[in-house]
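Below you'll find only one chain, the form predicted on its own, shown as structure tokens.
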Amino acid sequence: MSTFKEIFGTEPTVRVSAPGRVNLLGEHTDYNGGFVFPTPLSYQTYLEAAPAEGLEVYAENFKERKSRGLTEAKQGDWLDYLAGCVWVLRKHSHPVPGLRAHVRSEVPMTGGLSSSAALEVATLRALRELYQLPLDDVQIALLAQQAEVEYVGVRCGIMDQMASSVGRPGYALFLDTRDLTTRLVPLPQGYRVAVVDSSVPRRLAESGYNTRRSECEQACALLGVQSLRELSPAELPRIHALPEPLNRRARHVVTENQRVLDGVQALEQGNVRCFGELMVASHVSLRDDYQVSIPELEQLIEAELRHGAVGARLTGAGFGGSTVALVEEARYEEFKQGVMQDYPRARFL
């Protein structure tokens, strides 16, 4: 494994990191102004950096070094995420000249665990330190999201960046994506959040993510609301009257928002079983109403529930990637062995 000094010949000025995340409840609600409930992972993206003119970056995971001037357009590669961070700072009157960086990530890059958000937050943290920028952690998250939406071209919500920038290990982060209010809720003692990669990669920008977002916007236009967050479960009859598949897309978002609220209450009351049931209901909605599951994810989740998970669901955008399950710590090894037997491609993180 290389170091910054080995690549660039000098010592780095700053060393920072940012975690990936797994979402416990509240999938595809963040870009609809709704509620989400993620928790940061112990897996980090590490970045060593020094000031520079333009971009010079070595990615340890790819064994690849790339350079780019600040006036060059995006090129559809991994450097776009760092270039986008510099671009968005300059857009907001922070005229940073550039960055020289060594990047190493533990976050799986196609598992739906927000490797892109971890890279963006780490990059912005490095730039904040290098150039003494007056940015707090919420501002870092907002800038990271803007970089991904406007520069990289993925129309993501704010959840991933907030979980990476504001979340705390051992806690789930209840986030209202409309006003960015947060509350930390302790994860239940005696249970493990098991993140299991299906080994089916998915590329977010090439998946149906942007299509789903457009469908939600079409539903809003027909219902006469700015966002689906404005609708409550009491208005499901109006939603059911929408044409297919807009009715199902809206129904998922509205019921998922309620599941997050119920899930926060369940954890705060120590009702882990209820929380697990909400996870399963969330997955069923993602499979049937939002249609972002695939057969491999279904096989994996069935195996997890069969071998003792209190709850399990796909996490992230879907179309591949990872699942999240809640398992009693004392039963974890038995759970892991059973899942591996039923789904040999499972990769436990």
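A residue's number is simply how far along the shown sequence it sits, counting from 1. Bear in mind that the values here come from a model prediction, so they are computed numbers and not experimental data.
The following text describes the form predicted together with a small molecule, which does not appear among the structures shown.
For the options A49, V310, A317, L300, the residue carrying a heavy atom within 4.5 angstroms of the small molecule in the model of the complex is A317. The listed set V88, I140, V264, C156 contains one residue whose heavy atoms approach the small molecule in the model of the complex to within 4.5 Å, identified as C156.
Heavy atoms within 4.5 Å of the small molecule in the model of the complex are found in one stretch of 156 to 164, 232 to 240, 72 to 80, 90 to 98, which is 156 to 164. Taking non-hydrogen atoms only, E27 approaches the small molecule to within 4.5 angstroms in the model of the complex. Interface residue remark: Y31 is counted as part of the site for the small molecule in the model of the complex, having a heavy atom within 4.5 Å.
Contact check for Y209: a non-hydrogen atom falls within 4.5 Å of the small molecule in the model of the complex.
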